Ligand code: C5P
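Take a look at this single chain, the form predicted alone, given in structure tokens.
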């Protein structure tokens, strides 16, 4: 039985709008999600034992049941117990290149890579839609991590409609390593402060969805218009994250002042990104940012927007 090497790209949100509360106590969302070529590298191989063993080069990554990659193995074992019993345990080696606790779906991407790897290694024959159904049981970002590219995500983020891929733009990403923002806290805070402004009855969503504002951004993506896309970036969660974490708000302001096509916090943060029209522009902006903010806790990266989800390493 062979092992598999997989690439798990990070993602950013170009758009995040909260529509209302669902009956399952999740928020109904409209998001535009985008893969980038900053990616973790994973090896999935037989362990030669009955154990699930996770190895990672980043000390903050959990190695047992709190790790989504570990949970992905458990999920496949539960869904296909006879096949799992025949093959035994699994080793997962994660080369962590996506920053941890950054709101870039690094953990979700690792889980998606394990689903793909086990599908190949154990010859399960699962289709992409079937993998997405399984992935949604692990987390809302896992289905998108599987397919990647550019997509409109609705529901709690697991319902995907692809739109033309953006690959002609670049991005600068920055985050303070000493700041971590819990996604459940961000959504809970938004509900507490703004819950009176949106419906809590799912039957009201069709009427409320008429006020969704993502249409012009989708048009900009279809037209591959970087200037328009940059102007239309939107994230509702900035309204609750910025007052609580002023350093993140200040980081967005500084990056915006340095140039680029547009700047926004991704997801629940704390990562802030600026879209750029070229790699040279992105690298220059990153260098200027690190000079402008003399703080050892600030880290920055550049990446290209990507059409890829989970894929085999070449």
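All figures in this text were calculated on a predicted structure; none of them were measured in a lab. Numbering follows the first chain given and starts at 1.
Keep in mind that the form predicted in complex with this ligand is missing from the display, and what follows is about it.
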Should residue 252 be counted as a contact of this ligand in the model of the complex, where contact means heavy atoms within 4.5 Å? no
According to a 4.5 angstroms non-hydrogen atom cut-off, is residue 26 in contact with this ligand in the model of the complex? yes
Given that the partner is absent here, does residue 228 sit within 4.5 Å of this ligand in the model of the complex, heavy atoms only? no
Contact with this ligand in the model of the complex for residue 235, defined as at least one heavy atom pair within 4.5 Å: yes or no? no
Could you tell me which one of 189, 180, 167, 183 places a heavy atom within 4.5 Å of this ligand in the model of the complex? 183
Identify, from the list 107, 99, 139, 149, the residue with a heavy atom within 4.5 Å of this ligand in the model of the complex. 139
Heavy atoms within 4.5 Å of this ligand in the model of the complex: which stretch in 269-277, 256-264, 26-34, 49-57 meets that? 26-34
